[in-house]
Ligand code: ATP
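Take a look at this single chain, the form predicted on its own, given in structure tokens.
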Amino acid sequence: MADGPRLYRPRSRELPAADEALTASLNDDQARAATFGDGPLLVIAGAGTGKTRTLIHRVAALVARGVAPERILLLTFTRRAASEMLSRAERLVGSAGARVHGGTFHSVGHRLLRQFGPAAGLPADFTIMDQGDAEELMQLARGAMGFAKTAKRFPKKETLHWLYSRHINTELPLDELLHRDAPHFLEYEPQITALFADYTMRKQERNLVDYDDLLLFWAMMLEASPELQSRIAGLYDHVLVDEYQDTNLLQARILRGMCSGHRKLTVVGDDAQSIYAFRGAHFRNILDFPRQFPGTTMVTLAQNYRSTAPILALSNIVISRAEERFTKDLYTSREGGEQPWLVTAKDEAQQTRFVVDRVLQLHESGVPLREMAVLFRAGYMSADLEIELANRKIPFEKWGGLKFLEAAHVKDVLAFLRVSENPRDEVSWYRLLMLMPGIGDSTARAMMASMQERAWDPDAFTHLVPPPRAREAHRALSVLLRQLRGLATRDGETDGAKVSSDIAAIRAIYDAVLKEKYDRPEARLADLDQLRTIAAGYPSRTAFLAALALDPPSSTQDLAGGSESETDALVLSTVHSAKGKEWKAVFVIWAVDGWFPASRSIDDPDELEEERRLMYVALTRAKDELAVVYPMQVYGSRRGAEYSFDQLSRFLDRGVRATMQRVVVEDPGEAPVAAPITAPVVDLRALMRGRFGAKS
């Protein structure tokens, strides 16, 4: 018998014989982009023009011509997009496609920091904070520095974190940000600067990194050390980026550093769909790409495979009003289709009735509910529609609600895991301590100060003296934390520290807390069941926690990577959440000035231009049917008589309206009222008295 196991090599799949096989399904422009040689390439891909297919074929063409797959880096904006693209590339070029490196900017930054961070002074065992955790750490800094007790209002933790993140991602000085976005806090600029310094020190002392650090540290490694830049950038010969219009200045810095040696950079995007300035995305990144990378070749994809010609005519004229853009007009070979509807409703109630009635009409004609979507500028705009859909028993799902990982009970369980991974994680300690009976804010802060004095020794918590009411909980938590660290289990045996069994051990304590905290805990307990099932698919706590922080899922099903729900349900979505999707029928509601565009953007030319691009994104989600609806009146309250007249969205000017057909919702009117009768013709009381023999 052999001394060791035999090595099994997966079956290699043959590559296509020639480029022609790879480009057979592409149009001329797509094929030109896919088979482009070396050097910077900018692909301007209009809505529905097959940008994903083109990018996948470019990856495949590089592999087919001999580029080592592991030396290709594909950067996307969601984990699922990267996974889908690499899977499709593998189907094109065989098993070699599986070796292409792909992921989001944040996930690739995370991997590189684990690998190269120690050479830049960052210990490799850092913990990633999600946005909620970063806000809580900002609050701890705010409280410790006494800013929470100022006589005048000091920015709250959410505002502080937003300002900090904007500062990092836009590279704007803090005073300029305050002048532009929060002038009422200008007097606090020195205190905010000091607080940001304290927040930065807290992250360092506790070995924590936030989302912004993942990108900032990546950029700094490339820029501050020629040796690190050479080692990191030298990993890849080609870098490809999807949705380039959504990148920010920090991500552009990263790309310049990664491609400074070879300039083999391909970016795909659409300037007309740049709608994420609120996240720090910079519209000029894509417009200035040819200047930042001299010698850029530009390929424009203009053949739309999604929408009918009338829908494209409307979309083209809306975006043609943009102040600055790459010139392109989408065209399609899809003949037929009626003009998009511009629907006038009396008020919100009539707008809702129209949408529901039209959805049912289309559904009865054979269109599944999941092939229809109602889009709006902001989440609150669908409230009336949600009520009516629920009353009519029409299934719907809303995109952009509470995310799975934002649920308090899920964050509680994850806090147990985080302090086990990183005993210096102050945010998670605070969350755990506040779960214990008899412990409030002051006691929790005092206990954390004691643990800090012990240099966050893993056993520091065990040696604390808790308040009398918390003694039993303190003892149980001490035992649990030792078990999670793998030092000892309750019966003295070592634990393999599998993530699923970790969660089971946590729930032995936490389920009782949850049942005490919530009157109806069943749904939350089911969430934790799912969390445990999902955790079983990860090799370690580190990998599990990093995956959750880097790509927060909206549901357990999304986290598990499963297919979308098979339930037939109407989609309600903000336009931001709908980007990249398509439906047979789309309704855009609240097409009213002050609603779409949003009122806060009307006086800012740059923000107004982004609102125009947002409208363009909404219109181009439709394949066959499009209805844009606006109510003429808005009531101050559902029961009030006060209302104001609305003005149709400025984006739907006379030239735009010429490409649409006007539809007015018929008012059913009031029920007919008979003329009043002045003289009594019957005495009801007398008739009732007579029924039971009562005397008059």
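Start at 1 and count along the sequence shown; that's the residue number. Superpose the two forms; the largest set of C-alphas matching within 1.5 Å is the rigid core. Computed from a prediction, not measured in an experiment: that's the story for all the values here.
The protein also exists as the form predicted in complex with ligand ATP; that form is not presented, and the subsequent description refers to it.
Interface membership of Leu26, defined by any non-hydrogen atom within 4.5 Å of ligand ATP in the predicted complex, is confirmed. Under a 4.5 angstroms non-hydrogen atom cutoff, ligand ATP in the predicted complex lacks Pro631 among its neighbouring residues. Residue contact with ligand ATP in the predicted complex: Gly50 places a heavy atom within 4.5 Å of it.
Proximity of Gln273 to ligand ATP in the predicted complex: non-hydrogen atoms within 4.5 Å are present. In summary, the region of this chain contacting ligand ATP in the predicted complex, judged by heavy atoms within 4.5 Å and restricted to 229-237, 500-508, 102-110, 299-307, corresponds to 299-307.
When ligand ATP is considered in the predicted complex, only one residue from Gly580, Pro521, Pro155, Pro458 comes within 4.5 Å through any heavy atom, namely Gly580.
With the partner omitted from this view, the residue of Asp213, Glu243, Asp425, Asp133 that lies near ligand ATP in the predicted complex is Glu243 [heavy atom within 4.5 Å].
Core-superposed comparison between this form and the one not shown: CA of Val617 displaced by 2 Å or more. The two forms, fitted on the rigid core, differ between this form and the one not shown by 2 Å or more at the CA of Lys584. After superposition on the rigid core, the Cα of Ala535 moves by less than 2 Å between this form and the one not shown.
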